[in-house]
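Have a look below at one chain only, the form predicted on its own, in structure tokens format.
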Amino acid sequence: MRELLERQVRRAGLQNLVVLSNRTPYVFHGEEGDAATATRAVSGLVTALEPIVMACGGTWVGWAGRTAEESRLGERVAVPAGRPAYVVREIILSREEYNRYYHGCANDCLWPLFHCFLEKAVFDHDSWQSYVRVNRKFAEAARREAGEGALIWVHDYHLALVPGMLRKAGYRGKIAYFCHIPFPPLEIFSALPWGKEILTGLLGSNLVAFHLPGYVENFLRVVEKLLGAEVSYVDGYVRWQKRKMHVRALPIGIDYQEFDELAREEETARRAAEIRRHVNTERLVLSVERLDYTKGIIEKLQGIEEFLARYPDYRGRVTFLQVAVPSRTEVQSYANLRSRVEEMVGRINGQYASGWHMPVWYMFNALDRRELVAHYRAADIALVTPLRDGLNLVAKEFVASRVAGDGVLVLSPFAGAAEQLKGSLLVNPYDRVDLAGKIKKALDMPVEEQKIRISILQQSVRRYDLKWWWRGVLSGLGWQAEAHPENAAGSGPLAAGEFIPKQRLDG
């Protein structure tokens, strides 16, 4: 993978990559000067981006977990230790900025609004001002790190103002922005008091990219209506203030080869067997997600409860393993969600446990890559049922890890990945009866049908992998990146609305 990514970079002529994200791939501990004690962060964004940054070199700018009385630029640390491939440039935030920019504006306002949970959005003007100040600090840090021929690659809703700030400061190089969450329709976005400022920030980019054509269409409509800009829904561009910005649908891929190879290792197979023995079940249904209201964990547990009530023959034979990755643990609403989840798990187990068998196992912690793949191998079924999700990489990782060619992916149509993953079993996460029925259908599915579905899923995940995604980013910026034979169908510039050929096999 790394060699292919490096080849794409050379052909494109990219000389310097500066990545900006809210958090860096490493968490720094202790006082400044102790960055050698950095630990690896567990993050879907890091998993997706780091192979590219490792291949390109360059700098990753972000918050590394440390706060101070006043914000400032922190350390520049070459990582990984021992075999450095790129540099982490730390931004240290003040405690007030962390609370207002991160918790206040990004996660209490933009996160729920972009996911269409408008009733949860909090519009606080002091938090917005902090968001503006922090975005300016990121823009200033990016300008310091960017050299001749650089690409500044900005990620996600935390830093939506950065591209526009860079242009206003006179930066003339390439800027790309990627949104990892959904982009809402006009009727929702219009509620944001600072909507025009967000759009102005994003349009400082040469390329604005989203996971799905639907998000692209929402963005173009919002820009057209709120800014009065010229847009093309066919060719995917915006003309505004004498500049032309390309807008693309580029669903992020995973390093398929890495997951496949890791899943085939003897140690992974041994650990998967150990998990099955420990859980001691006939069938294992796995869920892995951050503990967040958008992931639908409460609704999923209601569906599991309905399943156990409706289909008593499965009691004692099926175990549901819920891995809830800690998220925003210092926020009271998230602490309340955790309490609700754990209360429901206890209630279900109290009602339906038989002998030593517990129907629901619950883990509140993150798993490293090797342990995660072992769990994917151990499971018979993956239950991925968010209420709203930009894409969802867990679904793709599960598919890539099914080296025996069997297994069932039960997937919410409200996960962006559902547009690609034809072969999954679609379920309405809001309907507990449908959820119960689809769990039963997955458990009863003949192995022959499982293999057909998994084969279709693996073809899609393998073809539209991380290399395909990175090539699409480069192409969207007007750079030619080397195509690879196995991905030839996905090569070339991607127009807005142009997507992946759909293969119907769901439900």
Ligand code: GDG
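When you see a residue number, it is the position in the sequence shown, counting from 1. The structure presented is a predicted model; accordingly, all values stated were derived computationally and were not measured.
The next section is about a form of this same protein that is not shown, the form predicted in complex with the named molecule.
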Residue contact check: His246 to the named molecule in the predicted complex, 4.5 Å heavy atom: no
Applying a 4.5 Å heavy atom distance criterion, does Glu90 contact the named molecule in the predicted complex? no
Can you tell me whether Gly476 touches the named molecule? I mean in the predicted complex, with a 4.5 angstroms heavy atom cut-off. no
Please determine whether Val325 contacts the named molecule in the predicted complex, using a 4.5 Å cut-off between heavy atoms. yes
Partner absent here, but in the predicted complex, which of 135 to 143, 180 to 188, 72 to 80, 301 to 309 has residues with a heavy atom within 4.5 Å of the named molecule? 180 to 188
Can we say Thr47, Leu372 and Val394 each have a non-hydrogen atom within 4.5 Å of the named molecule in the predicted complex? yes
The one option of Val223, Val285, Val288, Val410 with any heavy atom within 4.5 Å of the named molecule in the predicted complex is Val288
Looking at Leu421, Ala400, Ala209, Ile252, which has any heavy atom no more than 4.5 Å from the named molecule in the predicted complex? Ile252
